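Only one chain is shown below, in structure tokens, and it's the form predicted on its own.
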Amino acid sequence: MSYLIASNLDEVISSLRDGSGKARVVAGATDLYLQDLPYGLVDLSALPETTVIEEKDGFVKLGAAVTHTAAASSPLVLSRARALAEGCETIGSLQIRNIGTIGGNVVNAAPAADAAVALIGLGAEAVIIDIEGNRRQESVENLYWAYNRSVVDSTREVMLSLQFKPCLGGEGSAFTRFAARRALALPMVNASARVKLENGLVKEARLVAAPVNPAPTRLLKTEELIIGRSINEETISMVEKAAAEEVEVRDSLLRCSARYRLHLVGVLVSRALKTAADRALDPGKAGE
């Protein structure tokens, strides 16, 4: 097996092209040994464009090789996309967060990947280029093909970056999870929320729960219910009930019973929404 640390994007593309489907892109590669090992690995983590964190052209932009530690500690992410910082700071161990990447968290396509759940809640899009030089943007929520299977073919395509609109005045985001222990455990349920308030009422909302499907799942019906409402105890109670009713889950020896997970979906989604709304009402809470 060969391992190349690419120095520029052209080198990444040409190495994949020469590999003829037997080489693949990696960055942190923390889950590599859980999968079939390819003939060749092309590491893009040394490319400056894949490690940038910036606000530009009305978007927060993060390179796909930004580590979880870098995202969780970034002042920009903390102030403009608190949900992503919260999702990244819960992943694995400190060692994993120091090398694992947000792009890898998406492409690995685990149904409850914490950073991916937060990114979908924020409405993130991925910028992808293939070995022919074709570039496209795809919503992160559309990058899941099947359980642990991504639409992105890492033998022919490179995820360069992820981007989303920042949470500005009247907007807030939040992420929450519940697991058997605080670290080094898969979540029984995790959830993220983004909300925009206008005159104290919900104008826009994104609510995401996982794992309830092979991909992190938007709760579209629950989102519709809260448009035009204020975030008060009545609304939070309604969201808790609606979110639990919108999903279907099964018993899992790895996580918990279906009944308990449905309860958790309602609790965590409503909790994420309440926190996001509090941050929208008080910008000073965005980094808390």
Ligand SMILES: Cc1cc2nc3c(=O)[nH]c(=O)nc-3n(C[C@H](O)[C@H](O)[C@H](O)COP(=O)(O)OP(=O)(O)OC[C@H]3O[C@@H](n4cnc5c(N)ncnc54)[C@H](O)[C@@H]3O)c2cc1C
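The first residue of the shown sequence is 1; numbering continues from there. The shown structure was predicted, so the numbers you read here are calculated from the model rather than taken from an experiment.
Although it is not shown, the form predicted in complex with this ligand is what the next lines describe.
For the three marked residues, G121, V212 and T217, no heavy atom of any sits within 4.5 Å of this ligand in the model of the complex. Stretch 112-120 is the contacting one of 112-120, 164-172, 194-202, 130-138, since its residues have non-hydrogen atoms within 4.5 Å of this ligand in the model of the complex. Proximity of L262 to this ligand in the model of the complex: non-hydrogen atoms within 4.5 Å are absent; the residue sits far from the partner.
At the 4.5 Å threshold, heavy atoms of E157 reach this ligand in the model of the complex. In the model of the complex, this ligand lies farther than 4.5 Å from every heavy atom of L268.
In the model of the complex, no heavy atom of A277 sits within 4.5 Å of this ligand. Distance criterion of 4.5 Å from any heavy atom to this ligand in the model of the complex singles out I99 from the list A146, A180, I99, L76. Only one of L47, V26, C256, A242 comes within 4.5 Å of this ligand in the model of the complex through a heavy atom, and that residue is V26.
Applying a 4.5 Å heavy atom cutoff to this ligand in the model of the complex picks out no residue from 235-271.
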